[in-house]
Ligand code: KIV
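The chain below stands alone, shown as structure tokens; this is the form predicted alone.
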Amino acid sequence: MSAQSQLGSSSSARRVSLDDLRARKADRRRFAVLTSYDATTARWQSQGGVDVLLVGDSLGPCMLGYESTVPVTMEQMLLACGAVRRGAPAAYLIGDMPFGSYHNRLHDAVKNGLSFIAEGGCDCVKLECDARMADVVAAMDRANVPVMAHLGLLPQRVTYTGNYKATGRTEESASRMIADAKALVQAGAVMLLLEAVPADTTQRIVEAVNVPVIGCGAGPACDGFVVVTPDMLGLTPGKVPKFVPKIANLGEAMRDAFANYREQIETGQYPAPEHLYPMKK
């Protein structure tokens, strides 16, 4: 089986590589990306043919009950990355560097990035950044830590911006984002992620760079597409972003299953004889 055909196969004999993703871009074959936070979900995602997984700092709101991604720690991210790697050993795994882990000294940023590779089993790290952080990307590149640069809506900056909103919607902001994308790729970024960006702006960025571009509500021009898995599965309470496809409603199915279990307990249906361990004769 060729490297290209292995991508998207749950029975891949080896880990999906950056070269595989570059080949998909060159062949104009789009690929699926999903967020993942635990071994069990990662295993099912891999069996479903999704072999590019992002351990996002959305771990905070989705799994830990935080109001935003800002409180998520390195320890929590590395724990999740290791779990996902064990659940999907063949996946191309991207680890999201949490708030504060790459914003101070270059030495600390590189050290933390190396931890994602060595301890978390990641193939790449993701940074929410712009051209002002090109030196961080370059330092990571020198240390052999592949970087996905995240542009557009940046959830880690919610305490600064005060809200979540699309960017790149004016000619001025679109031109600035295109310049940021070029600068970050020149600094060594191996991929880009664009979140909540107009399709026209995305098209211009895709044409301006030679690396795979992953879209998260960024239009059809991207090479790959990612959404938050609990959003897609109907597990997120309240409103989800408009770009998330409604694939399933597992929240209601889980609620009904839990209610059924409770009813079996209350009515005495469980435990039944088949659930018991008999004494030996």
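Note that this is a predicted model, so its numbers are computed, not measured. Quick note: we count residues from 1 along the sequence shown, nothing fancier.
Absent from the display: the form predicted in complex with 3-methyl-2-oxobutanoic acid (KIV). The rest refers to it.
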> Where, among 232-240, 245-253, 48-56, 23-31, do residues come within 4.5 Å of 3-methyl-2-oxobutanoic acid (KIV) in the predicted complex by heavy atom distance?
Replying inline: 48-56
> From the list 93, 137, 193, 80, which entry has a heavy atom within 4.5 Å of 3-methyl-2-oxobutanoic acid (KIV) in the predicted complex?
Replying inline: 193
> Is there a heavy atom of residue 85 no more than 4.5 Å from a heavy atom of 3-methyl-2-oxobutanoic acid (KIV) in the predicted complex?
Replying inline: no
>> So, residue 216 and 3-methyl-2-oxobutanoic acid (KIV): in the predicted complex, are they within 4.5 Å at any heavy atom pair?
In response: yes
> Since the partner is left out here, which residues of 219-251 would have a heavy atom within 4.5 Å of 3-methyl-2-oxobutanoic acid (KIV) in the predicted complex?
Replying inline: 226, 228
